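The form predicted on its own is given below as one chain in structure tokens.
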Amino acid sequence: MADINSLLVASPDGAAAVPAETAEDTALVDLIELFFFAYRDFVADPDQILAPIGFGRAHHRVVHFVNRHPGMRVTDLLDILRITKQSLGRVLRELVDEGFVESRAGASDRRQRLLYPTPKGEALAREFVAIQSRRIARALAASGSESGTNARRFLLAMINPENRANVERLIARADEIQRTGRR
């Protein structure tokens, strides 16, 4: 098997081959690979919970955000997940049919669909959070005393700059709902 770091890449004009990566590039490629492996393992835990009920990762994301933001509009969920309306429609239909999510008409606009977790959906979301929180807590404990702050700063910096403030507001609003119990 070839060592990816020693592969050569031809120049655009097809002339002489040049090294594909510098040492700095290699370190970044290593981080990219670590992201892939970390993501694989991070989502594997919920995947095991979802598989027996025939659900996948899209179901996990919907349950997570609906639970964190009860009463959210379908359009807001589409914006967060950045999936097609058709894909979300299928996933939502399955979650509603299986009793994990409830869809209600808006109070001021009956055409508006607001999403709420059912007790069954809340329990599933808590199970996901518990298992993923344990994984994160272990990683933070192994990474040193400032790792939580640094990880948060790093993850925010990974988000496109124009989206960071919206993401921070979304998280703060969900935290406030959790603290106060108000929906």
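From 1 onward, residues are counted along the sequence shown. A quick note: this is a predicted structure, and the numbers were derived from the prediction, not measured.
Omitted from view is the form predicted together with the DNA, to which the following refers.
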| property | result |
| --- | --- |
| In the model of the complex, residue 129 touching the DNA (heavy atom, 4.5 Å) | no |
| 4.5 angstroms heavy atom contact with the DNA in the model of the complex for residue 80 | no |
| Partner proximity in the model of the complex: residue 58 to the DNA, non-hydrogen atom cutoff 4.5 Å | yes |
| Which of 66-74, 150-158, 129-137, 37-45 lines the interface with the DNA in the model of the complex (heavy atom within 4.5 Å) | 66-74 |
| Partner contacts in the model of the complex for 81-103 (non-hydrogen atom within 4.5 angstroms of the DNA) | 82, 83, 84, 85, 86, 87, 90, 93, 103 |
